[in-house]
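Okay, so here's just one chain, in structure tokens, the form predicted on its own.
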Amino acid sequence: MKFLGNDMITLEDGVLKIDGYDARELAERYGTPLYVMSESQIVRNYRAYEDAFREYEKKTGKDFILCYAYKANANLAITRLLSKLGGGADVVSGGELYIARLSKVPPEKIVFNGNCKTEEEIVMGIENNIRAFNVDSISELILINRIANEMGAVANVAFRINPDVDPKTHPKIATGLKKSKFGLDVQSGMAMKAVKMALEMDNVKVVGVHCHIGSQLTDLSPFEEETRKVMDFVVELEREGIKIEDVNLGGGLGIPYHKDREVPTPYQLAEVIINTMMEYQDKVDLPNLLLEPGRSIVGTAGVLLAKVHHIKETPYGKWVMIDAGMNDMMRPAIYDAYHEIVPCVFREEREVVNIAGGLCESSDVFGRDRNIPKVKVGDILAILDVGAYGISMANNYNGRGRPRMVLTSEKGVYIIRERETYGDLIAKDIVPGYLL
């Protein structure tokens, strides 16, 4: 049995294995709930991008830089692995920039996104001489210039434009529509105004144009439209005598959460983007190309293992209660997101069940009306494709600690995040003296 997009998962004699390790044994040894990240799958996903976009470098003589989106999963072991592979970083906070530097990402491969950068974060970016701040507003541009002036420095800036492209994805993860909070509008002239303002400033250097239209895109046509609109803007800048070094097209490529549905590969994405970029080679000097994939690098590399503690039958359905909850993995609760859920032991008999966590929320449900091999109390279930926006969105709701995380590799299994204790839950709380 093959699991689409999860090359590290195999089913051997009815037992689920991750990189060859028995999932039940991992759960028993490290406890549940447990995040399992596969090094081999991360490497495979990263290299697919690297191989696919090498053609751009061959055709243009310009650089291709992959800046992994830390918001997807900023565990230090994972970010260090990607840095060693040659990856850059797309960061959206001072905390993520701190992790990127700890991960030894070269500053010339770090871009800083976000629509509300603070003064402290801008100082950090300038001190680290990052490749670019992706400027989201004129207000932010003015702030960057002022801080750079106070520091006696020059900050590199790219401009995040809003191209009004429908990414054909969940509305909560669409970021390139004209009603979105992100980016500078092109049609109204705001983006051009911002660039021209920057050229009059002494402490910023204009290096690029940036765009990101959304996440979990499974149709390539929005990427083509985005590329075309970004390059049209670059041509417009060229006519004004403004040359652009970098074009950053963001990320957003989807993964196969539904195992019966194919999604585009990095190779297919590269074909669309490169072919569209090459249409402009007679109009402008083609720029360096940057991408910011996150989900498609780490999403399929993650599995959440959870133990069945109770099975409850009602007149309206059968409920399987597991020890993972929406605090561990929020996507189903906030997006109604689908994740494949399979038992770690496949029995011949099947049943239709609802699978839920133990939190005091009706939305704490991982799957409804799932037809899966029959499970029993004590079994381990595997929730697939949780490597992105799983642990990074985990929280302590209902007084629960964030789960342990392990990395499977050819060298063995390594704990890369420890389980939080009850003490961790209150480590930052302070009781005023009059209440003692």
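Note that residue numbering follows the sequence shown and begins at 1. Fair warning: this is a prediction, and the values are worked out from it, not measured in the lab.
In what follows, reference is made to the form predicted in complex with another copy of the chain, a form of this protein that is not presented.
Proximity to another copy of the chain in the predicted complex, defined as a heavy atom within 4.5 Å, singles out one entry of 253, 158, 204, 322, which is 322. Note on contacts: among 352, 151, 278, 334, the single residue with a heavy atom within 4.5 Å of another copy of the chain in the predicted complex is 334.
Shown here without its partner, the chain carries 239, 284 and 288, none of which come within 4.5 Å of another copy of the chain in the predicted complex through any heavy atom.
Heavy atoms within 4.5 Å of another copy of the chain in the predicted complex map, among the stretches 45-53, 394-402, 22-30, 61-69, onto 394-402 alone. Although the partner is absent from this view, residue 419 contacts another copy of the chain in the predicted complex, with a non-hydrogen atom inside 4.5 angstroms. By the criterion of a heavy atom within 4.5 Å, residue 246 is excluded from the residues contacting another copy of the chain in the predicted complex. For residue 36, no non-hydrogen atom is located within 4.5 Å of another copy of the chain in the predicted complex, even though that partner is not displayed.
Another copy of the chain is not shown here, but in the predicted complex it comes within 4.5 Å of a heavy atom of residue 76. Contact annotation for 291-309: a single residue, 309, has a non-hydrogen atom within 4.5 angstroms of another copy of the chain in the predicted complex.
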